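In structure tokens, the next block holds one chain alone, the form predicted alone.
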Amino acid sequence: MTLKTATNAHAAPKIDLIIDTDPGADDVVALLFALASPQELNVRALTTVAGNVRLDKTSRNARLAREWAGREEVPVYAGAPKPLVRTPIYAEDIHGKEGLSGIAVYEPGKGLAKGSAIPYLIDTLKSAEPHSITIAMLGPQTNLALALIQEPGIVQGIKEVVVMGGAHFNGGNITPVAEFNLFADPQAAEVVLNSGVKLTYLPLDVTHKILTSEARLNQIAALNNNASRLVGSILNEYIKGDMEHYGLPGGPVHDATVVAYLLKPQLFSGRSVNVVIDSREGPTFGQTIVDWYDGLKAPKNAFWVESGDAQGFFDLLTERLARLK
């Protein structure tokens, strides 16, 4: 059995992937990581959403990441400029006014693809082979929610939705109980959860265990290529806030954990759970309520990743960044 698994892992088919993102510092690291992994990830498109900063800025930053990775053939579609219901919020205090602290931003050479992310998602998922496309959700889940509301049948094309978001054991990072991506659009997250798609969550519970350290940042810096310099500059600036706020020895690189999970799921562990998202106004707005110990005996609707191999993550990230210029 062991032999069989090992052999299969070697010849694993490419993952057909759409990355939905709101770059954001950690998103850009995630995008470089994913775009440097064409052997495993067939990135069909990047779809952008308002989140860490406004939609025009997240769309520009996604195009910058694509340019830096030398992958300009991957289309970038701009999506929802605001959440389904709630007032928009941004995280400029964490990511800087342009969404990328630590580096100079500029208008990338190649523009956006024509049309919006929502029709792109509908058309692509509708015409896809059954359960063939994985969606990596690195920001608020508004784009996929809008697509599902307009065309619920698109679930047929989705293999899995892998979300960076939520918090249970860790507590929240924007309120005591809510993580930013869920707080930014809990109604959208509910639509995705209720659609019945196969769902995996990488919450703060795991991202706060996969922290930078001086040695890990040095490991990236030693590559001495453009990608490693960009990632080093972004992370050195980005991690300060969390280190100070939480008293951590290093900082998390939240969104990049989704890419590591897709590339090497054996680095992570978790369990199937029942998750409920609180979208009621009040102090628990945006909370992910996770029945970790199965006290309610409710149907399991998500796989909740709870821990991961931090050094394994940074080794994999470094190895992939080494492939870029």
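Everything quoted here is computed from the prediction, not taken from an experiment. Start at 1 with the first residue shown and count on from there.
Separately, the form predicted together with alpha-D-ribofuranose (RIB) exists; it is not shown, and the next lines address it.
Contact annotation: M164 falls within 4.5 Å of alpha-D-ribofuranose (RIB) in the predicted bound form, judged by heavy atom distances. Using a 4.5 angstroms limit between non-hydrogen atoms, N52 touches alpha-D-ribofuranose (RIB) in the predicted bound form. In the predicted bound form, no heavy atom of L148 sits within 4.5 Å of alpha-D-ribofuranose (RIB). Heavy atoms of Y120 never reach within 4.5 Å of alpha-D-ribofuranose (RIB) in the predicted bound form, leaving it off the interface. Proximity to alpha-D-ribofuranose (RIB) in the predicted bound form, taken as heavy atoms within 4.5 Å, picks out 249 to 257 from the listed stretches 213 to 221, 249 to 257, 152 to 160, 103 to 111.
Checked against alpha-D-ribofuranose (RIB) in the predicted bound form, the candidates T134, N173, T200, S228 yield a single residue with a heavy atom inside 4.5 Å, and that residue is N173.
With the partner omitted here, the residue from V191, I234, L125, L204 that has a non-hydrogen atom within 4.5 angstroms of alpha-D-ribofuranose (RIB) in the predicted bound form is L204. Residues from 173 to 199 that approach alpha-D-ribofuranose (RIB) in the predicted bound form with a non-hydrogen atom closer than or equal to 4.5 Å are N173, E179, F180, N181, in the order they occur in the chain.
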